[in-house]
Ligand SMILES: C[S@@+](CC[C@H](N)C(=O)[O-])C[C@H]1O[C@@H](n2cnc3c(N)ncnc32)[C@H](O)[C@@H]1O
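As a starting point, one isolated chain is supplied in structure tokens, in the form predicted on its own.
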């Protein structure tokens, strides 16, 4: 972390200011190893800085599977690696934010490997990026050297940022994987300034006869209990073994649909990805479907209710990239 970024952080326990109490290793203007301490005498909590990242939770937790998959696929979904501008397009279409936001503060809740951190930082805004898992380490390798990026490992229910401080808050691909999605969503507006923008998405709940063909829910009661490393290896072996067959299935009637049901993410004709890169995405997608401890899809009506419960204005909830996407503005 950059020393001047300390002003953006508070103690997640009591919300008092934090002090830099120890610096063990620095490199340039980055503090790589050290410790932060709560300034409130009745709290006194301390938080380590490890690998340039302030850590407000234990490294290993229920999201460790995400940490593993993003370390293994640190740049798989980065536009510069995939050769397609999927992350850029999704970020700006889903948020409807301008491409220049110099002087603004953006809070990102759930960064993964940092594919959207990169897009947010490119606007010139200061990006405060949080993830619960050790995927923050993959994000730091890609984006940590940026002067306008602060990456922390923290809990959505106790975020170490000032309330009412961000011009914009976004949360992509996260809510459905938290223990209490509505509670998680209601945390987001607390950190936006009056008049600030809040954007979030969630998996869509499949109902009716279509739910019978949501194959991931056939397997998840078992796979979510498999140790993350073993599950990753199994998914990797399966996808790579089946990938030649997926090319044949694709040309059958409803072939693309069949591939998706078989956990063979088929983006042929959708994105100009190489077969090798599409296979990498398929491995990542399969782990993402079968591994998370929690998976709570929602209906569009439920997401609308969340935005209204948060008191947000100018609410726009609609089908989107991740299933359902919603935008709103904190009242001025």
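Keep in mind it's a predicted model, so treat the numbers as computed, not measured. Positions refer to the first chain, counted from 1.
Separately, the form predicted together with the ligand exists; it is not shown, and the next lines address it.
J.: Does residue 280 reach the ligand in the predicted bound form if we count a contact as any heavy atom within 4.5 Å?
T.: Answer no; every heavy atom of residue 280 is more than 4.5 Å from the ligand in the predicted bound form.
J.: With a 4.5 Å heavy atom cut-off, would you call residue 164 a contact of the ligand in the predicted bound form?
T.: Output for residue 164 is no: heavy atoms all beyond 4.5 Å of the ligand.
J.: Does residue 147 reach the ligand in the predicted bound form if we count a contact as any heavy atom within 4.5 Å?
T.: It does not: once the ligand is placed as it appears in the predicted bound form, residue 147 has no heavy atom within 4.5 Å of it.
J.: Quick check on residue 120: any heavy atom within 4.5 Å of the ligand in the predicted bound form?
T.: No, residue 120 stays farther than 4.5 Å from the ligand in the predicted bound form.
J.: Answer with one of 139, 126, 133, 129: the residue that has a non-hydrogen atom within 4.5 Å of the ligand in the predicted bound form.
T.: If I apply the 4.5 Å criterion carefully, the residue I get is 133.
J.: Could you tell me which one of 31, 303, 63, 286 places a heavy atom within 4.5 Å of the ligand in the predicted bound form?
T.: Among 31, 303, 63, 286, a heavy atom within 4.5 Å of the ligand in the predicted bound form occurs only for 63.
J.: Name the stretch, out of 246 to 254, 165 to 173, 232 to 240, 188 to 196, where some heavy atom lies within 4.5 Å of the ligand in the predicted bound form.
T.: The contacting stretch here is 165 to 173.
J.: From first to last in sequence, which residues of 95 to 131 have any non-hydrogen atom within 4.5 angstroms of the ligand in the predicted bound form?
T.: Residues within 4.5 Å: 110, 111, 112, 115, 116, 130, 131.
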